[in-house]
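Below sits a lone chain in structure tokens, taken as the form predicted alone.
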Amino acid sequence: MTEFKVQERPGEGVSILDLRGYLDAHTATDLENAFQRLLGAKKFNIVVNCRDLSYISSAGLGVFMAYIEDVRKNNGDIKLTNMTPKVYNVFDLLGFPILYEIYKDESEAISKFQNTTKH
């Protein structure tokens, strides 16, 4: 089994989380911790890049559900990008495309934030 890794990097006005490997019940806390750090730092515009995410379980999806309300309550959002077809199918099966904006590419998601940022 592949290990899971979350790496945070700054973008233009957004925070980007790069996910790599297997996101399941054993590794979901790593993603929870990353979301908690961002929220604690008042960073609510979040892009999650799934390019290197090879697997996601319902526990991993639950982490997204656990934080989306807090993020949106603070006028932010979580946008998802660069999913493999296999990972996208799991999100799609559970109705995530209705709840989350999913983009093919990271720069597209970042530009959506820049177009909606209110000053």
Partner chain sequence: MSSASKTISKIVSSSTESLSDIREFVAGQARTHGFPEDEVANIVLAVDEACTNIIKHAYRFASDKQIEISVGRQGREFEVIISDDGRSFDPAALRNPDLKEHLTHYRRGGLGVYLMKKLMDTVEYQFQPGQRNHVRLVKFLPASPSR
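All values derive from a computational prediction rather than experimental measurement. Positions refer to the first chain, counted from 1.
A second form of this protein, the form predicted in complex with the partner chain, is not displayed here; the remarks below concern that form.
Visitor: Flag Y103 as yes or no: does it have a non-hydrogen atom within 4.5 angstroms of any non-hydrogen atom of the partner chain in the predicted complex?
Guide: Flag for Y103 set to no.
Visitor: Can L39 be called a contact residue for the partner chain in the predicted complex at 4.5 Å between heavy atoms?
Guide: Result no; L39 lies far from the partner chain in the predicted complex.
Visitor: Answer with yes or no whether V63 is in contact with the partner chain in the predicted complex, where contact means some heavy atom within 4.5 Å.
Guide: Output for V63 is yes: heavy atoms within 4.5 Å of the partner chain.
Visitor: Is the gap between I68 and the partner chain in the predicted complex 4.5 Å or less for some heavy atom pair?
Guide: Within the cut-off, so yes.
Visitor: Could you list the residues in 56-89 that come within 4.5 Å of the partner chain in the predicted complex, counting only heavy atoms and keeping sequence order?
Guide: The stretch 56-89, when checked against the partner chain in the predicted complex, contributes I56, S57, S58, A59, G62, V63, M65, A66, I68, E69, R72, K86, N89 at the 4.5 Å heavy-atom cut-off.
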